[in-house]
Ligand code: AMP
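Below sits a lone chain in structure tokens, taken as the form predicted alone.
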């Protein structure tokens, strides 16, 4: 099989939703990595994709039959400031497929050359950011967090100019959708009520009769309110999941929030080492707007911007529309708190409804922040401590003052005893939600350096394999679980554009 079973729907929206744009060919495409399992799930032949014709398609040198390449337009609040037109400046959506689970998936080439929305940019991607997004998005999928996926990474044979000349690459990215909060904002800001309705109908599967993001909402009494309720719920769950593994998105602009509830646009993202809710890795986030602990509030802020665009659809009367929007937005905090607090309790081997579990979790986080304890290692080593009290030593060592842990541990064990679960079963349940391996920032940087400076992709392949099993103990790869010296507080990330 060589054909890709395209079934494109977004291009059936009015022309003002996108600009038709074929990818710009590259000099010498070479496959770095193909996600063969994902390809098969998408109904594609992995062997064909890995061959000459497939690699040319993944690089943008060949437009396959059935594709209809476009760059989509959107707006967005960037660090709180509204930009009325953004759009895919270096990405081309080549088409959509229905995967083997019956789900519609976008296939997008990131770094595919300039588009109508490039704003003087070169439309290209450097190798380092492509490898970072491939690795982190696949790690997030393995952690069980909704995310875009990486289908392939292809070296282009060209160089891109950033602070210096860097090898270029293209990322083939798969998403449930590339519709963003900013997509709705683009049309709402222009007073284009017809386009806002068409976009909402597209997501609802009403006008196009396509089960896309929230098919259950299409039969609701008030479908647009149901759509907003659904987006609010998914974003609350998503951000809670981020916090529970220490993920910092880095640039939560409204144009980087997918209405499908997936993590999207891995730019200056990173993971916590030492726990500090004020942590902001992004070099362009000077005031910490998108810091780790700010993410729930920013998600709600972004959702409020979405609700504003939907007001004309929520009710004919303005006051009634505002009331409906406020009611939908009011669902965010309880949904987030239930997911986050419940998740914290489970990380400690406790039930969220056990009296004192939430307060105990909050107390642990406060002690970790005060004593520079590593987020991932603390929770993972607690798994051993739940089974064997002598393993407390490994947890204590993570605190500047080890005695800070001792009093907390006494109360923790009291609650574990109240839960009545066998220690071995408790430890197993904890290991299922507390990863041993995350994309440690220093290992990600070492992987990128090896690939960019020496064309050595061995570290990328090894790290990717380790992160595909984040909840398993892998003694042969124990070094990938280690924290960096100094706690990683000075680590900085960059957008790559």
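Positions refer to the first chain, counted from 1. All values reported here derive from a predicted model rather than from experimental measurement.
Omitted from view is the form predicted together with this ligand, to which the following refers.
Undergrad: Thinking of this ligand in the predicted bound form, which stretch from 250 to 258, 270 to 278, 403 to 411, 306 to 314 has heavy atoms inside 4.5 Å of it?
TA: Stretch 250 to 258 is the one.
Undergrad: Just to be sure I understand the contacts: of 297, 121, 423, 370, which is the one whose heavy atoms reach within 4.5 angstroms of this ligand in the predicted bound form?
TA: So the residue touching this ligand in the predicted bound form, by this definition, is 121.
Undergrad: Select from the listed residues 351, 78, 116, 103 the one whose heavy atoms reach within 4.5 Å of this ligand in the predicted bound form.
TA: By the 4.5 Å criterion, the partner-contacting residue is 78.
Undergrad: Is there a heavy atom of residue 230 no more than 4.5 Å from a heavy atom of this ligand in the predicted bound form?
TA: Heavy-atom contact with this ligand at 4.5 Å: absent for residue 230.
Undergrad: Report whether the minimum heavy atom distance between residue 87 and this ligand in the predicted bound form is within 4.5 Å.
TA: Residue 87: yes, in contact with this ligand in the predicted bound form.
Undergrad: Heavy atoms within 4.5 Å of this ligand in the predicted bound form: does residue 374 have any?
TA: It does not: once this ligand is placed as it appears in the predicted bound form, residue 374 has no heavy atom within 4.5 Å of it.
Undergrad: Please tell me whether any heavy atom belonging to residue 388 falls inside 4.5 Å of a heavy atom of this ligand, as the geometry stands in the predicted bound form.
TA: Taking the distances in the predicted bound form, the answer for residue 388 is no, it never comes within 4.5 Å of this ligand.
Undergrad: Could you list the residues in 261 to 285 that come within 4.5 Å of this ligand in the predicted bound form, counting only heavy atoms and keeping sequence order?
TA: If the 4.5 Å heavy-atom criterion is applied to this ligand in the predicted bound form, 261 to 285 yields only 265.
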